[in-house]
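Before any questions on how it binds or moves, here is one chain, the form predicted alone, in structure tokens.
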Amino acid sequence: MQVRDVIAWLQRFKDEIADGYVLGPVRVVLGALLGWQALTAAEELEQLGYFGDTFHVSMLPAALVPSHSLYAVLLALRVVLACMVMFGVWARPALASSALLGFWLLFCDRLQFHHNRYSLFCYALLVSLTPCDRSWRATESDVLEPRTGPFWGVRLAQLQISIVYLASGGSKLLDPDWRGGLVLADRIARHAHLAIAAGVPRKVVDLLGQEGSASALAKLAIMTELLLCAALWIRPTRVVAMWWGVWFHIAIQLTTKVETFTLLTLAMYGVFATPDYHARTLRFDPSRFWGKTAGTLVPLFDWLGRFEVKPWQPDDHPGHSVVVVRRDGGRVTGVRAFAMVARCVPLLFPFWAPLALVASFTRQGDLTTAT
């Protein structure tokens, strides 16, 4: 690759412009997690006392460690900033400020460091560099349609997600205890009560904790993380990788204690969503139960703005409760339409793959055609 090719690539990277609607929900979840983390720290301050009065490990000079009173003020400020992020009030400056305050306090006490907290602040800082304030605002804004903006910050956030997967999978691969399943078996045993409380049957927990099962699961986890760091970047494999990643993180959440890392990672998957606001159309028949249901629920849960929802208009496809017009103009109905909706609606996305498999065995995939 010649120097001019590198310069051209950097120019395209800097000048990329896209619709920022899909970043709004990501920003809201980040704001909620930042607020939750600040409130948790405030609760610890009340119950356990100020960390500076006990043993702590500061990576900063003592003069830069806040006093008890200032620390309490900073926690209150972080809560305010988190609310501003969620409601879209000066969202990007609030997001960056909240991230920088979080980093500062982590540096003040190394003992408070957790990977999920560091990741939260890192993702918040990167998302603040994106046009994440163009949607999901609770107040009026001077930002006009369309909701476009520079996307280089999005690419940095995507890169950070891959780095997390690579670092996590790579470190496990190099650790013989992790490869052999010893670490995973110990983790499952220590958090078995949490898994059972979350609804996982005790027999399943006991089976997962066995030596052979833990070894197989450890290797599967390592392979998953290493594949995800690359597959999320490749368009043909992205949706499958995201679906597998969703269930991977759900399984981790149910069997171990990872605080808010699962929700954080799943929310950040939104930065990989194609920025194509209302590129698909969902037409529904309001006179039919399933059509009316889809016409009501899809707009409520289509958080990424994938569908333009319209009532039915007479055409050459009569008798359908729901018709989805895809980005390429093709039309699908029945099971295929439901699979397309599941692919685009976050709450239904975990069920997309089995629905798509069922739909692949149907010609029209239509269970609602009038006879």
Partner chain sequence: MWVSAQVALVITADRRPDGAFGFRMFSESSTIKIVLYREVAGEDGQRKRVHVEGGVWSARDAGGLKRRFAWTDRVRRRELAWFDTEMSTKYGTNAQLARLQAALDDVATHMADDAETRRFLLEVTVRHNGREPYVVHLASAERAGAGS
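Numbering follows the first chain given and starts at 1. The structure presented is a predicted model; accordingly, all values stated were derived computationally and were not measured.
Same protein, other form: the form predicted in complex with its partner chain, not shown, and the subject of what follows.
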For this session: Please run the contact check for residue 311 against its partner chain in the predicted bound form: heavy atoms, 4.5 angstroms, yes or no?
Result: no
Exercise. So, in the predicted bound form, is residue 211 in contact with its partner chain at a 4.5 angstroms heavy atom limit?
Worked result: no
For this session: Tell me, yes or no, whether residue 287 is in contact with its partner chain in the predicted bound form, where a contact means a heavy atom of each within 4.5 Å.
Result: no
For this session: Indicate whether residue 231 is a 4.5 Å heavy atom neighbour of its partner chain in the predicted bound form.
Result: no
Problem set entry | Single option in 281, 119, 215, 97 placed near its partner chain in the predicted bound form, where near means a heavy atom within 4.5 Å | 119
Exercise. In the predicted bound form, which of the listed residues (72, 222, 200, 125) lies with a heavy atom within 4.5 Å of its partner chain?
Worked result: 125
Exercise. All three of 107, 171 and 261 touching its partner chain in the predicted bound form at 4.5 Å, heavy atom to heavy atom?
Worked result: yes
Exercise. Heavy atoms within 4.5 Å of its partner chain in the predicted bound form: which stretch among 272-280, 158-166, 87-95, 296-304?
Worked result: 158-166
Problem set entry | its partner chain in the predicted bound form - contacting residues of 163-189, heavy atom within 4.5 Å | 163, 164, 167, 168, 171, 172, 175, 177, 178, 182, 183, 186, 187
